[in-house]
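We begin with a single chain expressed as structure tokens, specifically the form predicted alone.
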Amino acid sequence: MGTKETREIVSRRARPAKAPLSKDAIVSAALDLLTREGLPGLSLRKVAGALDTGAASLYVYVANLGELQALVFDHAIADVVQPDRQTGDWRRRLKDVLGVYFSTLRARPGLAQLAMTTLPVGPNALRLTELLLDLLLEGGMQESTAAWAVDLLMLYVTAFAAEQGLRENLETSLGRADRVMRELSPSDYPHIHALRESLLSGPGRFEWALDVLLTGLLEHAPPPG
């Protein structure tokens, strides 16, 4: 007479309870996913998987992926505006704030690319816009010019951060560009050949560009209308 195998029955109650689903939990999970996999890895399906739920459950809290991306971006820049950073003259403070914004974008793969596809109208983005406008107006900029200047400055910083991220992923790109420029004929490309080192140099470029933009904006007439 054979012996019956006994099967251990594990109660589902022994499993740890899932954290309750909420908008904050969804945004936090999405930001972690963006940090690990970059913008191409951010999807509602993957966020739902990270939260051990179905994608349909997320629609109770976010309308679509675009809304989630906007929430993620705004959450990620929450610490850009800090009162204790507001020291020095208006230009120094402005560049410091934009420098912190740049570092924030660079800290998470894909965040700069996300910023380029998201309208900055969340509470943290609005605080940043308000601060930048305040600093530009303090510097004597015309109101209509300042309104456009915020967009120009943010676009430059975002694009610069996105470019830096792409260059890090393509480790050989700068080396290849350097080799190509060094092999160019000085008779065919005299200016590129003469300036090849400056064309590829990086240190100081970020702040130099901000100075150029600010100087031009202060001297330029306000936009029509």
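Predicted, not measured: the structure shown is a model, and the values here were computed from it. Numbers for residues come from their place in the sequence shown, where the first is 1. So that the term is clear: the rigid core is the largest set of C-alpha atoms that superpose within 1.5 Å between two forms.
Beyond the structure shown, there is the form predicted together with another copy of the chain, which is absent from this document and is the topic of what follows.
* To do: Heavy atom within 4.5 Å of another copy of the chain in the model of the complex: which of Thr117, Gln82, Ser103, Thr87 fits that? Just give me the one.
  => Here the answer is residue option Thr117.
Could you tell me if Ala55 has a non-hydrogen atom within 4.5 Å of another copy of the chain in the model of the complex? The answer is no: Ala55 has no heavy atom within 4.5 Å of another copy of the chain.
Heavy atoms within 4.5 Å of another copy of the chain in the model of the complex: does Leu217 have any?
Contact check for Leu217: yes, within 4.5 Å of another copy of the chain in the model of the complex.
Point to revise | 4.5 Å heavy atom contact, Asp96 and another copy of the chain in the model of the complex | key: Flag for Asp96 set to no.
Please check if Arg45 has a heavy atom lying within 4.5 Å of any heavy atom of another copy of the chain in the model of the complex. Result no; Arg45 lies far from another copy of the chain in the model of the complex.
Q) Does another copy of the chain come within 4.5 Å of a heavy atom in each of Leu133, Phe160 and Asp211 in the model of the complex? A) All of them do, each having a heavy atom within 4.5 Å of the partner.
#### Entry: Those residues of 115-146 which, in the model of the complex, come within 4.5 Å of another copy of the chain by heavy atom
Met116, Thr117, Thr118, Leu119, Val121, Pro123, Leu126, Arg127, Thr129, Glu130, Leu133, Asp134, Leu137, Glu143, Ser144, Thr145, in sequence order.
Threshold 2 Å Cα movement between the shown form and the other one for Ile192, core superposed: Yes, the C-alpha position differs by at least 2 Å between the shown form and the other one.
At a 2 Å cut-off on C-alpha positions, does Glu183 qualify as shifted between the shown form and the other one after fitting the rigid core? After core superposition, the C-alpha of Glu183 moves 2 Å or more between the shown form and the other one.
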